[in-house]
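One chain comes next, on its own, written out as structure tokens in the form predicted on its own.
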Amino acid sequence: MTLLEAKGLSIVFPTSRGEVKAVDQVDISLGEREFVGIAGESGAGKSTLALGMLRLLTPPGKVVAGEVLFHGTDILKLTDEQFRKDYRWTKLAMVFQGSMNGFTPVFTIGSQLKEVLALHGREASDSTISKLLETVDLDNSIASRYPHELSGGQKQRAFIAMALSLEPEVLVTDEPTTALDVITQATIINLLKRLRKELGISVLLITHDLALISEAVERLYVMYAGGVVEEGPSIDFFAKPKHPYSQGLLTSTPTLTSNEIKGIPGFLPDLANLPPGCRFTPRCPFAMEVCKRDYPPLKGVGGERVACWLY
């Protein structure tokens, strides 16, 4: 059953050079208890998509088209007060990029967790905080500590505890392992997998790290220049990626069996001046004349969907 779904979502940022299309007609869905990933280079539109879906965009960014359905309700049409009261943190929560630096440095971790609970009319007792910290494998002593007294991994887990404090159905995590060592990265990913199983939540993982994708994600969206270019089971993506951009992402990643790394030539296109046709054409080794002229639709190829004229 689909829990959260974006249909035809478009997000723009007005600039002196015209509108920047950060997200362009994107369709994405997340089912109950599903672990879904969004991958792509920096600047592909991953974080902007998530912020738009959860109504966290700050001006001048704005949603100009599409809808975001949660249990069938278009949450973009709700008033700010309705969404804040009935959905934010209580049903839809987010672990932001760089969230381990998101705590106020002059207050203890426990006091900041209590504040979230109190603002939403929940019990903010010491025992509640202790249970929250235990959920993310942190000792109760963390509650009395200040953010600077915690390691990066501890702060990240404490922020995940904050995101879970109101028992949401969906947890969106934006680069949750940034700036952490590989051992701590594995700890965070295993924690998300366990929470999904034990709490029955759905997880949306945004990352450019394909190793993390391979460890946890069941279904994957690949984004490029504001659009989705491939979507399907992650096992199929790693076995045989179909879009040339997806293939480039994999060959840009080091493996245990090969020392050879092939980067993707060129750069992301200027989002304020997108080329006609497929946006990957200037960097694609398989580009044809039709690619320069027409934008390919996202169509089914086997058990996946791919936006490429090769198919």
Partner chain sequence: MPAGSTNDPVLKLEDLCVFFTSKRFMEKAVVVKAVDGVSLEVGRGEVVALVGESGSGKTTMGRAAIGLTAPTSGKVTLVENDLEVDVGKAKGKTWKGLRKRLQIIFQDPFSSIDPNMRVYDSLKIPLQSQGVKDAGEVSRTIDDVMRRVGLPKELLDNYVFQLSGGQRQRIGIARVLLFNPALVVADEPVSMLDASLKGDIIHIIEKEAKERGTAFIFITHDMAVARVAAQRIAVLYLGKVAEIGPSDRVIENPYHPYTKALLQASPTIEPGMRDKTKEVNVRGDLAISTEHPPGCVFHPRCPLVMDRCKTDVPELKELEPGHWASCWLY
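Positions refer to the first chain, counted from 1. By rigid core we mean the largest C-alpha set that fits within 1.5 Å across both forms. All values derive from a computational prediction rather than experimental measurement.
Not on display, but discussed next: the form predicted in complex with its partner chain.
Within 4.5 Å of any heavy atom of its partner chain in the model of the complex lies no heavy atom of residue 33.
In the model of the complex, at least one heavy atom of residue 261 sits within 4.5 Å of a heavy atom of its partner chain.
Heavy atoms of residue 180 reach within 4.5 Å of its partner chain in the model of the complex, making it an interface residue. The shortest heavy atom separation between residue 285 and its partner chain in the model of the complex exceeds 4.5 Å. The partner is absent here; in the model of the complex, the one residue of 78, 164, 195, 211 having a heavy atom within 4.5 Å of its partner chain is 211. Proximity to its partner chain in the model of the complex, defined as a heavy atom within 4.5 Å, singles out one entry of 149, 74, 123, 126, which is 149. Annotation for 122 to 158: interface residues with its partner chain in the model of the complex are 137, 138, 139, 141, 142, 144, 145, 146, 149, 151, 152, 153, 154, 157 [heavy atom within 4.5 Å]. Annotation: Cα of residue 148 displaced by at least 2 Å between this form and the one not shown, core superposition.
After superposing the rigid core, the Cα of residue 259 is displaced by 2 Å or more between this form and the one not shown.
If you fit the rigid core between this form and the one not shown, you'll see the Cα of residue 74 move by less than 2 angstroms.
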